[in-house]
Ligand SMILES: Cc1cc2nc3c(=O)[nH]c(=O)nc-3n(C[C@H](O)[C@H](O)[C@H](O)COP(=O)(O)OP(=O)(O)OC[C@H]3O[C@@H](n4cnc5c(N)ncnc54)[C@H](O)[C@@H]3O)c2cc1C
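Just the one chain here, laid out as structure tokens, in the form predicted alone.
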């Protein structure tokens, strides 16, 4: 973990309020692993003053840049949306654990389930899976078509099938993305591992879909956090049987069985 001063190099808009921020951070680009995250702040401008957590979406190791996918939901993300190339951000990174992929072999098949901006950590994972010859299917869902606007970036990285769903039916099939996966599994689809990132209701539903299937799974939890290294305890998640785990220290990548999803808000 390092405190890095990074310059914004470019910005890519995907839909109103959804954009990628590209920053120059050569050491981070060289060493970060898929699933890890950064705490991002803008000195003198972040309100409230705590940094915000963002998955590292992708890297360009040749250019020494990292990409963060940002959805504007409040004053902190609105501050990031106002940045222009050349301005400086503070990155505390890399933080957290990473997705497991080293045990996968050429020809293995995995599923990636993403809900809205929860698609953020998967470009980097898809690049790693592709380099190993692993076939990855993407199940991408959101409330409406703009939530899937990141497809223009991520779809070319998908080495298997892509199946999309929206709550209102404006893109892909109408309904929940977890229903798409359930139907695929019910039709005989098999996977070595399921990776997922999205809102808590999606995790809760997906945990039920996978229960008893004997499929390894890793969820990239998105609990709100204030520090990213286990001091503020804002990101605790309830454990089955009682007690709590600290998402930023023990995760954010967790097995679905590590969390009591019925007690998550």
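Numbering follows the first chain given and starts at 1. Here the structure is a predicted model, which is why all the values come from computation and not from measurement.
Keep in mind the form predicted in complex with this ligand is missing from the figure; the text below concerns it.
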Even though the partner isn't displayed, in the model of the complex is residue 222 close enough to this ligand, meaning a heavy atom within 4.5 Å? yes
Would residue 117 sit within 4.5 Å of this ligand in the model of the complex, counting heavy atoms only? yes
Is residue 94 one of the residues lying within 4.5 Å of this ligand in the model of the complex, judged by heavy atom distances? no
4.5 angstroms heavy atom contact with this ligand in the model of the complex for residue 73: yes
Residues in which of 22 to 30, 206 to 214, 58 to 66, 223 to 231 have heavy atoms within 4.5 Å of this ligand in the model of the complex? 223 to 231
Given this ligand in the model of the complex, answer whether the residues 37, 53 and 77 all have a heavy atom inside 4.5 Å of it. yes
Can you name the residues of 227 to 265 that have a heavy atom within 4.5 Å of this ligand in the model of the complex? 252
